[in-house]
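The data below hold one chain only, encoded as structure tokens and taken in the form predicted on its own.
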Amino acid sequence: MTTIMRQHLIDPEICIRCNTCEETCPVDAISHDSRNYVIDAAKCKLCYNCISPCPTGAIDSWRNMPADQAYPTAEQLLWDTLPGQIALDAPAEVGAGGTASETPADVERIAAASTAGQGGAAPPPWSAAHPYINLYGIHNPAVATVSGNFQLTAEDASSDIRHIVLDFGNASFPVLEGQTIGILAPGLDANGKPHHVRLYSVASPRDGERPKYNNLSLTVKRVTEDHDGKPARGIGSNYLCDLKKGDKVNVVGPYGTSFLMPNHPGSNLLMICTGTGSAPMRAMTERRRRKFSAGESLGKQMLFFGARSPGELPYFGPLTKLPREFIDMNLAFSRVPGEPKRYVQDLLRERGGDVARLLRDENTYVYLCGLKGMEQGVEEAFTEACRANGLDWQALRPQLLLQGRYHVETY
């Protein structure tokens, strides 16, 4: 009798290589090379922790396989598409890896894992609007037209950060603050294959960069070196930063069901970001600024934003013009001549009492976006701010995650 296992796989056609699955896997069953993300059947425990964080659903792929014929990772690394489901003619018995077929209980468990915010990804705020995802894929992308490409950083800044506006014309491409879109850069990679999708956070609110126009904006940094400082030309970022007005762009998505803003009156936003991590914060802030200008009553909004200097902080000018009664602004600069280095975590400690007051409020939602290196410093600052004000961050953090009130997107 053949033992059948339920093998967990990743669809290479819709995977955007965002690494959330590998980061989430508790048993290190997921790995990748420059081509594909793959799952080791011998290590995978079918815990479903990786299902929820995946923005495209590529991780939610399965095949019923004879246990002795499971696809090895070496073979998966060469795939361009998922293989079809094989015919199983022999009698089957359930193996340790799963079930011979999907039972109703099995399907229910997978669905729950896909929507319950397991695996470290918080569920969306209870009052968030319904997001649309995967409306356009790599085989049927939306075609947008560049209507603006503006440099946000100073001419002498060490980084070139752009504000890029894409117009979708008659194509329906609804997005919410906190969602992302995928860009298909033209050309082929070193393997002679089309470039993988590059993911970018939307920097404009749901009604568009220009209200009632079918457009959106992105905040894009031109990548010229890797994390180790070695020269490296980012495929997607350089493609976008070089675009001219009138150029056409293939766009897929939208993606994201978690990093969304609350809509109920009285909700507070506590936002922490660096660099292009400001994109979703700008979208949320602009959404609320338009409401504020219309006279609507809003909750508190507190922003901690870090950069090397004012000239390298995206949207520095517009941010400084926002009224204090609308947003509590805290800007940290680490490379200003003659001044001590200050990072967002330093400002969080300085404003510890106000931060703790917001964290005590069940209507407060926390958003953290930027380079992964900032996470540890921010967590330590929250720990200290809470300890100094009668709170326990280690106990509070999992509660915030479970309630959809603590959202982290770092890269």
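Start at 1 with the first residue shown and count on from there. Here the structure is a predicted model, which is why all the values come from computation and not from measurement.
Although it is not shown, the form predicted in complex with a small molecule is what the next lines describe.
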| said: Whether residue 279 contacts the small molecule in the predicted bound form should be assessed with a 4.5 Å heavy atom distance threshold; does it? | reply: yes
| query | At the 4.5 Å heavy atom threshold, is residue 176 in contact with the small molecule in the predicted bound form? | reply | no
| query | For residue 306, is any heavy atom within 4.5 Å of the small molecule in the predicted bound form, or not? | reply | yes
| Should residue 230 be counted as a contact of the small molecule in the predicted bound form, where contact means heavy atoms within 4.5 Å? | no
| note | If we test each of 212, 244, 264, 335 for a heavy atom within 4.5 Å of the small molecule in the predicted bound form, the one that passes is 335
| request: Let me know the one among 356, 369, 381, 46 whose heavy atoms come within 4.5 Å of the small molecule in the predicted bound form, would you? | output: 369
| Heavy atoms within 4.5 Å of the small molecule in the predicted bound form: which of the stretches 49 to 57, 31 to 39, 369 to 377, 62 to 70 has them? | 369 to 377
